[in-house]
Structure formats: C-alpha cells, structure tokens
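Only one chain is given next, in structure tokens, and it is the form predicted alone.
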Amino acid sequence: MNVPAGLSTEMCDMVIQTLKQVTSRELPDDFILQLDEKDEFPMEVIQKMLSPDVGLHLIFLPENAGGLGGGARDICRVSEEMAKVDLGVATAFLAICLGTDPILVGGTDEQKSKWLSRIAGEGLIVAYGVTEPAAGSNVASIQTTADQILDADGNVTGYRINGTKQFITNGGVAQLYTILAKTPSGPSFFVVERDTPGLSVGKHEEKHGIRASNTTGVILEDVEVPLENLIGGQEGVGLKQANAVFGYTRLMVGAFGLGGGQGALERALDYALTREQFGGPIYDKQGYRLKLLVESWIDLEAGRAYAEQTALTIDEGNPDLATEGSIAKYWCTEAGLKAANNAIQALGGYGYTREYLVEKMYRDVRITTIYEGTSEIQQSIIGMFRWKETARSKGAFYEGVAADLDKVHAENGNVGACSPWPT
C-alpha cells in the first residue's frame, strides 16, 4: 500500500498550532479592521510567517529544497485555518505557493534546486503572472510575448518579454515572478526577478474585499531574461504546466471558501449563544438556529469532506483531478459565501456594521467565487468534462460511483449511501 504524500498528522497539527499562535499574536481583530480600512498589505506579518523562526511557507516546498514536503491535505488545512482569520492575508501568503507551482511541476532539476531553495531559505515573496486585461479564465488568449534573443550563431540565449499582467496578487510586493508569455512555440513560463530592468508595477487595485492582499498590474517592457529562466527548458508547455495544477489550486481556493465561511459562522454562533431576546439566548430559537447556522454548517462539512477526499486522492499520486478540483471549488466557495451572508443576518443590525467583522468576512469570501475561475466557469468545466468522461466510458463512470456507494452501504447501511429501489 502506497503511503500518501505529505506530513504526518502530528506534524501537520504542529504547523496548524504554530499558525494559530502567529495569527492570534499578529492579527487581532482591531488590526485586521485597520488593514481593511487602510487597504494595507501587512508586510511585517508576511515576513514573520516567512522567517526562519516560523517558516510557514516551507509546508508547500519539497524536502530536497529545504521545505517540509507537505501534501494537498496539509495545504488545504493551512489554507482553511488562515482564511478563518483573514482571507486577504491568506490570499497573499498562499499566492506564494501558486507562484511557485510552475517551477514545482515543470522546472528542470537545476531550476528547482536554484529557485525553490532560494524561496525556502530567503523567504521570497512570489507572484503568479498569468491574468491579463483580455485573458482571464481563457489562459490561452494571453497577449504577453517572449521573443527569442539570438547570438551571432543563431542560438537562443534568452528572451525579451513585453506585455501587461492584471489582478496579480503580490504584484507590487513580490521579489520573484513566474510569468506566462507567448514564445514562437506557444505559451511558456519564465522566472523573472523583481529588479530586472523593464519590470514595473502597474495600478494598485482598490478592491471590494481581501484588502490586506496586494493586487496590482505588472508591466513588462523589453524585460530580458536568460535562457535558463525558461521553466522546463522547453517552449510551448506553459498551458500544460498551468493545467497541471488547476485541480490543486482550485482545491486550495475551495479551502479558502470553507475557512472564510466557517470563521464567519463561528462568530455568529458565539453571538447567538450570548445575545438574549424574549427571555433567552437567540440560539434557542429553532427557526433562527436551523436557518442561519445549522444549514450552512452542514453545507461546509459536506464540502470539507469532498475536499479532503480529493486532496487525499492527489496525495496518493493521482494528479489529474481538474474536474474534482472544480467541484470542490464550486461547492466550498458557494457554501462559504452563503455561510458568511447568513452570519450577517444572524447578527442583525450589528452584522451590518464593520465593528463585528462578519461584514468584512462576507466581502472577503465573495472573491472565492471569482478568482481561480468563477463559479460559472467551474459549472461549465464540470458539465463538459463529466459529459465527456461519461460518453467515453459509455456510462461506466457513474456506474463506478454507484458501485462505490453500494460498497459503503454494505459496510454501514445507516449512512444513507444507497436508497432501495422501489419494488
């Protein structure tokens, strides 16, 4: 039996405990509200998380690069826990993971040794440079170009990159960028350092939520990089590299939705237990409790169970789970948004004020149904690829699902995995 990738439960618990200690100390409620009001990136907090004393970023880096070698389950746990506290900070921190992914999935051994070791040892802030003004979910439509630089003998020695990226998380604070650009053979990823001549930061976006994260444009004007910065050492494989991590990154955003919704719901529960109306706590009012708390709590638990199973499958060596990642993202982020909305309603007039934080949490979790592919894009992906798989297998896909449920039902008939056919 193969042992799934990732940390032991005990080690992951230690990482989560460290995270809780750091966030409780560095991110009290009043400071979180201050970051939101001022639209301010908490550089000192992020740097502490990346410092040798804490090293939270090491969870998503392999052991041979100085990391902890965490798996999908571990990163989902960290993502959810961080999003409970502040989704803006979570977005900023986990964007480092996203920016590192092209190197992880497509880099040569030499590139992994060089760049991942630097990210681990120096605690570099990384940004993922794909989205453009005319290229969102349709990554293939990017306009940024990377023209070959040739020596006197016609050999490629590097690339000259020109274009504009938009809505880049960490765009204005990153020290390292992974940039997708069109080469003569197709889209390709490049590693670009912050101080490379021609790279500049564009407009700072003033956002509805996640205001603690830094979101800007990134402008590349005749940015020259050496051949060794072409990720994978081969042109035209950038879309393949991007698609290779979609199941993984969308699962991570699903965890953000779970954390944002759970955090808001827990605050609503605390309020319901202490707020008294008509002679007792409002939690005792069945209609209030079932409508605003229980239903969303169940939805979040269902999403968490699916996300954990998908993460386990990835850790067991099955990376081709783009559809499952889309399902997890769609369900978990929509459930998180609904939970945050219910939390506002649960607090009544207080919920609509900034002081009680659930108003901000709702604005934050709203983005999870948009970035890394909108909910509508996820529905399109799920429908298209599930239909293709069903047609290709002549219905065997869903027959397999039914067989799995029959097995669960045979082991425990009380869990509702199977309903008897009418006789």
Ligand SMILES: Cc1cc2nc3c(=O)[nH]c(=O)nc-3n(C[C@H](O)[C@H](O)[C@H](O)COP(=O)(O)OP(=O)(O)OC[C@H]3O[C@@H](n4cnc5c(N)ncnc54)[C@H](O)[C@@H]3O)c2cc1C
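Heads up: residue numbers just count along the shown sequence, starting at 1. Here the structure is a predicted model, which is why all the values come from computation and not from measurement.
Omitted here: the form predicted together with this ligand. The next part is about that form.
*Asks:* Which of Glu63, Glu376, Glu389, Asp29 has a heavy atom within 4.5 Å of this ligand in the predicted complex?
*Replies:* Checked against the cut-off, the match is Glu376.
*Asks:* Pick from Pro281, Gly71, Gly123, Gly136: which has a non-hydrogen atom within 4.5 Å of this ligand in the predicted complex?
*Replies:* Only one listed residue qualifies here, and that residue is Gly136.
*Asks:* Check Val358 for me: does it contact this ligand in the predicted complex (non-hydrogen atoms, 4.5 angstroms)?
*Replies:* Because no heavy atom of Val358 falls inside 4.5 Å of this ligand in the predicted complex, the answer is no.
*Asks:* Spell out, yes or no, whether the shortest heavy atom distance between Ile210 and this ligand in the predicted complex is within 4.5 Å.
*Replies:* Heavy-atom contact with this ligand at 4.5 Å: present for Ile210.
*Asks:* Can you tell me whether Leu50 touches this ligand? I mean in the predicted complex, with a 4.5 angstroms heavy atom cut-off.
*Replies:* Close contact is absent here: in the predicted complex, Leu50 is far from this ligand, nothing within 4.5 Å, heavy atoms only.
*Asks:* Can you tell me if Thr169 lies within 4.5 angstroms of this ligand in the predicted complex, counting non-hydrogen atoms only?
*Replies:* The answer is yes: Thr169 has a heavy atom within 4.5 Å of this ligand.
*Asks:* So which of 32 to 40, 394 to 402, 363 to 371, 55 to 63 is the stretch with heavy atoms within 4.5 Å of this ligand in the predicted complex?
*Replies:* Comparing against this ligand in the predicted complex, the contact stretch is 363 to 371.
*Asks:* For a quick check, can you give me the residues of 112 to 138 that have a heavy atom within 4.5 Å of this ligand in the predicted complex?
*Replies:* Sequence-ordered list: Tyr128, Gly129, Val130, Thr131, Gly136, Ser137.
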